[in-house]
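Quick heads-up: it's one chain on its own, the form predicted alone, in structure tokens.
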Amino acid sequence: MPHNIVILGGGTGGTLTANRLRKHYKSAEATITVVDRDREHVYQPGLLFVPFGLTRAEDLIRPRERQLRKGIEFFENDVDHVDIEGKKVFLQDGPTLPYDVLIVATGARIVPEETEGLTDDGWNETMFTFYDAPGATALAKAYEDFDGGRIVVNVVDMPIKCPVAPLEFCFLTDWYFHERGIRDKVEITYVTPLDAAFTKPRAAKALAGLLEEKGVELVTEFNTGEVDGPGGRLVSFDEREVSFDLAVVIPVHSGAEFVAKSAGLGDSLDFVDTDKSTLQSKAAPEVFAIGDAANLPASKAGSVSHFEGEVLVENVVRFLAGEQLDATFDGHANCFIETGFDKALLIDFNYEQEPVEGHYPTKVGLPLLKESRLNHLGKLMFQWFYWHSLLPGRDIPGIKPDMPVGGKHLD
């Protein structure tokens, strides 16, 4: 009998994992089924550029099924819950799917309704998010019409998808209003619950320096409890206030709703409780998680899903063969940070090593923690790489799951 592999989520992690597994197993050896609530695969990093008129949301969307290799079955359906003991996935409107291996790749979802006032009067009028396609599109019109005042970019809470994106948004906002010739009429403020601009100290120092250089005010340790649209105020739990004319809010994130209904699967935020080295769920040995769906102490970024993919597939193969798992995923992440004016930074780090200067992936490579046009071009080229290499599950010469040390200026 073939192994029965079910993958919940047809985004980055789910798609590349399905394709890598299909390359490994012939159809007679394993059935591979992907489930997602819709058929639209969105290139999420591209949403950052929509508000600035650099791309359109519709140009970032492709059919999910077309990204999957032949021989992978796709179900468009919502997951109701997972029966861990019975090894079955219950769909809201469809068949029950038994599995030998279950891979949860349902990502993170934004829940703006969790913040008082955020989705009340002013939502998509003076308060926006660029973390989904409708919000990014609405924000593009708001930016086009904006002729001066205070723009506040607010991260409500952590963790979030692509932690550097709010900073990139600040940098691009500075560039955009310079291009429009009204930068002197626009005040930009970055409001974060962190005690610095970023989670990693060395990168935080560099990014705070860029914010200061570009005239962006930094407000730290601000835990947003309420967003008052009509009054134009962010109000923290300790009653501090930040006023705005236009707010760009990165809402609270959580895991998929079905996780809460699946006993033992997730944590308090509905992310899957996962071993950080093997990617095996702590709920059951035949359950694994990848990408934003997992509660790993790693960045929720597309690059992490890419690096996780090789380890995850190896461990699924080992598990089905009754072999010991490979405990080598080191939390490797890298991120291009667009800084405006055709420049970008690149950071590369893992669980233990924070971002440092140097080059990636070797001594001859892209500069790290340094603005350059080369990094900007790398950011733009990543979209092609995403559709044609990352999602199909292709191996990239010279790029491995573990963080490279060659080229880095390590202490």
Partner chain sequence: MPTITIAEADVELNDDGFFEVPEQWTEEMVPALALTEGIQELTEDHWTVIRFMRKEYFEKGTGPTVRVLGKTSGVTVKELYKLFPKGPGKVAARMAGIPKPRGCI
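Quantities reported herein were computed from a predicted structural model and do not represent experimental measurements. Residue numbers count along the first chain shown, from 1.
Not pictured, yet referred to below: the form predicted together with the partner chain.
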**Asked** Could you tell me if D195 has a non-hydrogen atom within 4.5 Å of the partner chain in the model of the complex?
**Response** yes
**Prompt:** Is there a non-hydrogen atom of T328 within 4.5 angstroms of a non-hydrogen atom of the partner chain in the model of the complex?
**Reply:** no
**Message:** Check P297 for me: does it contact the partner chain in the model of the complex (non-hydrogen atoms, 4.5 angstroms)?
**Reply:** yes
**Message:** Within 4.5 Å, heavy atoms only: does F341 come near the partner chain in the model of the complex?
**Reply:** no
**Prompt:** Taking the partner as it appears in the model of the complex, which of 113-121, 79-87, 136-144, 175-183 has residues with heavy atoms within 4.5 Å of the partner chain?
**Reply:** 113-121
**D157, D245, E257, E213 - the one with a heavy atom within 4.5 Å of the partner chain in the model of the complex** = D157
**Prompt:** Here the chain is shown alone; which of L269, A263, L320, V219 has a heavy atom within 4.5 Å of the partner chain in the model of the complex?
**Reply:** L269
**Fill in**
Within 18-38, the residues having any heavy atom within 4.5 Å of the partner chain in the model of the complex are none
